[in-house]
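Here's a solo chain for you in structure tokens, the form predicted alone.
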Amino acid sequence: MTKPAGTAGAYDIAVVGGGLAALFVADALADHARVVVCTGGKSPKPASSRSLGIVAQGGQDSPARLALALGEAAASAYWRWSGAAVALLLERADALGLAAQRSGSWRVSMGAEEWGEWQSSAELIRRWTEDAGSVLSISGQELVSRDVGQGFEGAVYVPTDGVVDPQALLGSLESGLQGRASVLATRVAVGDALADGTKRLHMETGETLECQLVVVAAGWGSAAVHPWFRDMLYPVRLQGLRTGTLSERRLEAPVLARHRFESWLQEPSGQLGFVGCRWAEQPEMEAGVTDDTVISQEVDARQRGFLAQHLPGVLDCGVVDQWTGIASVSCDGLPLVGPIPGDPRILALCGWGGWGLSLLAQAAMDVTSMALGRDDPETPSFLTPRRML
């Protein structure tokens, strides 16, 4: 094929994004099509690369809230789909020779109202789960003996969850694409299509890429790739810290509080990783912030206060690392998986709302099936971008 002047290359599929979602779908497509991955610039870094590594079933809303909003049938479909995503990611980590812990997770409640909601959620999960007895619900002083922390109203244990090393996973997937796909460290934007429907991506160099289909998996950066995403996503800055090595093993499983506004775990190294308290930045709560190079002192103070109250003693080892990451959140808090309205050749894979590591594996497989024209995947209909019409 002769390239027209100013054309950098012609491919079947372009995958836009440098995080785990983009790499997962590129890896799945690379043996079936000519794939180019456009990883974007160096900043902001993919949020998935800065994750604690917690892989948890569910999403921003508890099962009880989701059932109220969507109905129980849809909520149970989402719970099963997210469970498949967790299992698939942990299995893939195993296949790549990476350490993956199937530890389960604790979902703790800060007050009586939230605890009532999670008790209802536990009943729903038991109804939707074959191994109903494995979903535990405990309260009060019982929590202290289980080392999730103190000062919580109650907690629900979800046994399907686990932990992976996101940096190791990124590195392994990147290595696996060598020789199988083209990888370009460039930002791109979708331009006008050619007469035959071929998509053109404009690169920073002034050249263009041509492809038959585009998968947009660039997190908040998706808004710069195609105008449709500008009104569908908004950025939220998340902030985390890591302590020195604790003197003892205190936590056997990760803990999520306030619908993952806060989450923490003790890493294999013995250090404690913590993310949360973005609500300390009022009134926006870090919504709309795209600078991932600044540590908020307000959030930092609240994080240290939270740890001192609920996990006393962990800060005695000091704070050895701090970081931020930009999450992309959809208008309704659910991910966008599939073709955007009006253009079946643009597939969305974004809008995780901080749950990307947990959900992206199944979403990437669903988008792969769509891209290759296979039978309809098991993606719940309310996750497709068509819901935004």
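Residues carry their position along the shown sequence, with the first being 1. The structure displayed is predicted, hence computed values, not measured ones.
Separately, the form predicted in complex with a small molecule exists; it is not shown, and the next lines address it.
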*Thinking of 67, 334 and 387 as the candidate spot, does the small molecule come within 4.5 Å of a heavy atom on all of them in the predicted complex?*
no
*asked:* Since only the chain is shown here, I'm wondering whether residue 38 would be in contact with the small molecule in the predicted complex (any heavy atom pair within 4.5 Å).
replied: yes
_4.5 Å heavy atom contact, residue 59 to the small molecule in the predicted complex_ = no
_residue 360 versus the small molecule, in the predicted complex: is there a non-hydrogen atom within 4.5 Å?_
yes
*Answer with yes or no whether residue 242 is in contact with the small molecule in the predicted complex, where contact means some heavy atom within 4.5 Å.*
no
*asked:* Just to confirm the contact call: exactly one of 25-33, 320-328, 59-67, 336-344 touches the small molecule in the predicted complex at a 4.5 Å heavy atom cutoff, so which is it?
replied: 320-328
*Of 169, 188, 156, 148, which one comes within 4.5 Å of the small molecule in the predicted complex, counting heavy atoms only?*
188
